[in-house]
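Presented below, as structure tokens, is a lone chain in the form predicted alone.
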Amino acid sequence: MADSRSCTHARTYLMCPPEYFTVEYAINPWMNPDETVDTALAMRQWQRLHDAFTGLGHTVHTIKPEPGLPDMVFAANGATVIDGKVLGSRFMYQQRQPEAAAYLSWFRLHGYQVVREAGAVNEGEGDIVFAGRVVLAGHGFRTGELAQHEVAELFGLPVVSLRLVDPRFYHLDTALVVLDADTAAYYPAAFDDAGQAALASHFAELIEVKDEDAEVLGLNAISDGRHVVVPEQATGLVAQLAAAGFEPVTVDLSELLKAGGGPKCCTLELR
């Protein structure tokens, strides 16, 4: 196992219990309001994800869910936090727009000194992915290209622009997971040619995920540099991760998948 994969450090995450989770509207191809949702099961699955993080030695904070915001469980969309600085979100769809204020309020109440409201549409870590030396910025379905300027200005890091082209993979975190500073797993068909080339030039190692694993949102995973919390349905990806020297930790978030969410969607990293 490579040195970079044999050690890790504790992470801090923010999560939101799915107390009000349901599928009341359709704003991505995964959502079907006619499909039955078991909120109690979603809560149990979410709790197992929470416990997987704490079991790995990570710290998990929670934000109180608000009635009428069924997608607030997807904390990754609430903001982007790098170096203690917070860039708030600005959601494309009206149904989710009130979430932005709820998350900004949490950061202000918890002592964050630099908390900036977004001017351009951005959906947090759904499309803004910290990759150590750079920030990867997805656009094409939700986050606008103009958000990249706000990201670069606030965080002082180079931004790599990546256009998403498959509506099933409407956020960057559904099509790519950064595993460590040199390695990522991704679904090539979700990106245009320029995006594929940009990823190939940045990462020393790229793991290409097959259709069947991408189609269960297997890439909506979280790595601490060694352990990768990944949907259990993505069996091929689990094997690929293990072969590459990572330690997969599988979870079942099948109920939250009905809204197009997985482990990463439920988790905002507080850097």
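Counting begins at 1, following the sequence as shown. Source: prediction; values computed, not measured.
Just so it is clear, the following notes concern the form predicted together with arginine (ARG), a form of the same protein that is not shown.
- Put simply, Asn28 is close to arginine (ARG) in the predicted complex: some heavy atom of it is within 4.5 Å.
- The closest heavy atom approach of Arg163 to arginine (ARG) in the predicted complex falls outside 4.5 Å.
- Looking at Ala259, you'd find a heavy atom of it within 4.5 angstroms of arginine (ARG) in the predicted complex.
- Among residues of the shown chain, Cys265 is one whose heavy atoms approach arginine (ARG) to within 4.5 Å in the predicted complex.
- Stretch 66-74 is the answer when you ask which of 34-42, 66-74, 53-61, 235-243 has residues with heavy atoms within 4.5 Å of arginine (ARG) in the predicted complex.
- A heavy atom within 4.5 Å of arginine (ARG) in the predicted complex is found for exactly one of Tyr103, Tyr186, Phe191, Tyr170: Tyr170.
- Looking at 138-167, the one residue that comes within 4.5 Å of arginine (ARG) in the predicted complex, counting any heavy atom, is Arg142.
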